[in-house]
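Here you get one chain, nothing else, as structure tokens; it is the form predicted on its own.
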């Protein structure tokens, strides 16, 4: 029987297999499976790992996550307050960088793996590696140098600094975030992650003008990835469109996987990639809240009909809200498995 990891590897090589890989990105749903409030659930690596393992067994998709929540990266850089909701992802409640002077004071840990905020991540990753290694892809989430400042200082302040300067403060912020990124991606690889989702909202023209992308964002993408290489790296723009930048990113980095936005036309994205990399067709998981199971099934079928010709294609979600009904999750994954097996 083909394992999920073999399925992903073979598909990336353009080799036919039993069906396309199906990636389903559920985080808070793990707390539901364990019957825990989110604050308690995210307090222990054992809980997060068990939640991921139960979800994968329940729904049959092809991946598990070592990600707790995006604010964990801010905690590694000094954030002391995370705000927990009852029905959604936690948010950063303490901006690490409040003034330009704080950029100079920002300290990147010498060893991320010894930081207290990484301890529970390490426990989670150890469990996932023990249970899934060689069978199921283990995903980690790493935020790009260009996007991480928005988590540390807020989107509005970062956009102002990015667009208006001063350039010295902007570049120092980017340099420190790049130092952190390199250490973080190395730590996740060493912990057992073999799929590394490179989250870069500022790698889309939906967020910044093309000139800024060419002159600033693209060079920092290169710098982020030049040390560790692109093995296992997935280009992801946080749900923003990437079709207009795929060719430039590929030419600059050779990244092997592009995780399209629900706003991207799948056939167009496949055409731009042109067999050079693996392409992920991504459903609009907000719509999953209100669609009927039959609507979900038909949308999955439409997406796979657009993306499967020529191979090197897989199905995915963005980040599924807790309010998506279980019947719709089952309908989505079952349809992707069924239609993904058609030649």
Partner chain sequence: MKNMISEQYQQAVFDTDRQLALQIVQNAIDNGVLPEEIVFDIVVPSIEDSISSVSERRYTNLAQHFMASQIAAEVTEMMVPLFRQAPEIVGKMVIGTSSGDFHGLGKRIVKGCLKAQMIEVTDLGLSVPAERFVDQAVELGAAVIGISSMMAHTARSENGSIGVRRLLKERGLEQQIRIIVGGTPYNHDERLYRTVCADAWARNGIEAGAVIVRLLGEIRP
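Numbering follows the first chain given and starts at 1. The model shown is predicted, which means the values in this text are computed figures rather than measured ones.
Just so it is clear, the following notes concern the form predicted together with the partner chain, a form of the same protein that is not shown.
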Candidate site 156, 208 and 287: all three near the partner chain in the model of the complex by heavy atom within 4.5 Å: yes
Stretch from 189-197, 89-97, 110-118, 266-274 whose residues place a heavy atom within 4.5 Å of the partner chain in the model of the complex: 89-97
Contact residue in the model of the complex, from 126, 171, 102, 160 (heavy atom within 4.5 Å of the partner chain): 160
Partner contact for residue 85 in the model of the complex: the partner chain, 4.5 angstroms, heavy atom: yes
The partner chain contact in the model of the complex: residue 212, any heavy atom under 4.5 Å: yes
Exercise: residue 251 in contact with the partner chain in the model of the complex, heavy atom 4.5 Å: no
Within 4.5 Å of the partner chain in the model of the complex: residues from 2-27 (heavy atom criterion): none
